[in-house]
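Take a look at this single chain, the form predicted on its own, given in structure tokens.
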């Protein structure tokens, strides 16, 4: 891949991704190819962060224009955002920051948005109509919150399960959907299964959130994990005849929405998709 640092100057606009860990993230490749496609003097870098409060202050001080927020900070970042988009506020999780100058040119205003729900809906709708579908969502973190919200907005019936029952019931109550314990998975009938947890992500690639013998009842199985792309869940779902949606599809579409928020331009989906999947051929 072309060296994105070659033409960096004092005028280069800087973007990035904040999380812990972020070494596996493919967002830098995706966004940097998009900037180049539009001929923009911009760069996107990975920013491993141990303290989200210090991280946001650093972004403002160093002149960043925007960042992606990933695990584990999608909810923790909220107190450090100046203006929260109404949808992100309703979801209760943020995955995108836009940083702009205030009325005082020395002041920086941090705006928080959520594009995860857009990414999940667009990825799933390539396989199934969400209107009227029953969707089982695994997890109760920031991604699950956003995905559950988006599914409800699309007219789906959402069922939630989570390893920590108390946290899962709380989110189910906030979304207004049903909750089942993980030991009750065999009782659930749904069209779609969405893994919105990090189970199966490197280095624990042999783990799966759902036993193989329960997968055949789903028409579509989606895993938001993309490192590895073929998670154990995805491979086992394919082996029993399910249609599958890998984590790169959601990453692509949520990233395209981020790009539009940051730049005001339409994202070049074809080149972004190409660079994402290139690493897995």
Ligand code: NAP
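Positions refer to the first chain, counted from 1. Treat the numbers as computed from the prediction; the structure is a model and nothing was measured.
Although not depicted, the form predicted in complex with this ligand is the subject of the following passage.
Note to self: If contact means a heavy atom within 4.5 Å, which one of 183-191, 129-137, 86-94, 163-171 is the stretch that engages this ligand in the model of the complex?
What the structure shows: That would be 163-171.
Check: Is residue 251 close enough to touch this ligand in the model of the complex, meaning at least one heavy atom pair within 4.5 Å?
Finding: Residue 251 belongs to the contact set for this ligand.
Margin query: residue 121 versus this ligand, in the model of the complex: is there a non-hydrogen atom within 4.5 Å?
Written below: Contact with this ligand, no.
Next item on the list: Report whether the minimum heavy atom distance between residue 247 and this ligand in the model of the complex is within 4.5 Å.
Entry: Heavy-atom contact with this ligand at 4.5 Å: present for residue 247.
Margin query: So, residue 151 and this ligand: in the model of the complex, are they within 4.5 Å at any heavy atom pair?
Written below: Contact with this ligand, no.
Notebook entry, point to check: Considering 59, 225, 233, 33, which brings a non-hydrogen atom within 4.5 Å of this ligand in the model of the complex?
Noted result: Contact check passes for 225.
Checklist line | Stretch 134-154 - residues with a heavy atom within 4.5 Å of this ligand in the model of the complex | finding: Residues within 4.5 Å: 139, 140, 141, 142, 143, 144.
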